[in-house]
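Okay, so here's just one chain, in structure tokens, the form predicted alone.
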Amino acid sequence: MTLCRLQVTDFRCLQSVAIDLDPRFTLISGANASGKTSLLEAIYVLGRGRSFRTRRLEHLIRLGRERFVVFGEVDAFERRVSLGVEGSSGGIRAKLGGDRVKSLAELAPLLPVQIIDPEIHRLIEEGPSRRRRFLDWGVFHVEPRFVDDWQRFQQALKQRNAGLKARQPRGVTGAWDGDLVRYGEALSLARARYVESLRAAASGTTHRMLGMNLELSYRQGWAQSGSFAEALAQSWGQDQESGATQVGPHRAELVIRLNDMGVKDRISRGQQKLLAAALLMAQVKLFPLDSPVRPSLLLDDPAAELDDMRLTGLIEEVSSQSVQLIVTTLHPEFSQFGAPGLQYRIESGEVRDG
């Protein structure tokens, strides 16, 4: 299954866009600030329920409008399944097959989407929360129970933190510790298993693209020498003082090293981009082979800030992936991925056949 139809209304600079998408390769060309990235962002929002560019919902709504709508259709064994996302001042709502979803996470199994954009280096450069989100997207697609464990952990964490903030007695706040430990340990074990698979899948790609040896490890968010329950008990004083739970998988970190050294501030921006791309493509490789769905890989101007040699390496690795490829570029003659099945030109937010 792949995304075959996209309709976008009042999203960023896009007033009204409707395009078909090729199951293999779609190319979208246009000048800077023409709306290319916004089109990819709309696809990302359709599959993730959030943007990769901003946390502020109002930035996604076209100026002067009250809401945006992104609608898509996915080919599913001789039928099409619809999915839609609407954003307004009231928040984001989504539907699958015309029915309202309870959680935006329900979009992901139908439209698993990843993006390689000029800001992908932020996966390496920024703090642990971005790497946790990256990690959890991968675990979600290979561990069937993960999303349930994650949601239950988040609920227990929210309730415990509310109790801490309100200075409730330990007996009241601690009532959530059982669920916090049970589901926190389960999701932490799932993450740790996934990191081992990710390291194996990414090592070869990283070496080919960077000529360096990759090391990945998972820090679970509490001391390795003890249990989560023990860590919670020992942290009670700090939790009370700060009004928030200080240990647990919400404090976990994906640790990335190259040639036995840390990567933040140690490698160039171009190397950070290639490393992040290698990790992302390793996630695509780990996508279940028996899944009826193929991931959609979005490439936003892949030539930006990469020299010819590094761009060639990136293209070779991307070309080997079993994905639906949607690429934006400044030049319509961009041919590094071969002939596109469908091609469009975008100008000032309007799309026409390319």
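Everything numeric here is computed off the predicted structure, so don't read it as measured data. Numbers for residues come from their place in the sequence shown, where the first is 1.
Heads up, the form predicted together with a small molecule isn't pictured, but that's what we're talking about next.
Heavy atoms within 4.5 Å of the small molecule in the predicted complex are found in exactly one of 318-326, 284-292, 42-50, 27-35, that being 27-35.
Contact check for Arg55: no non-hydrogen atom falls within 4.5 Å of the small molecule in the predicted complex. The closest non-hydrogen atom of Cys13 lies within 4.5 Å of the small molecule in the predicted complex. Interface membership of Leu330, defined by any non-hydrogen atom within 4.5 Å of the small molecule in the predicted complex, is confirmed. When the small molecule is considered in the predicted complex, Ile61 lines it closely, a heavy atom lying within 4.5 Å.
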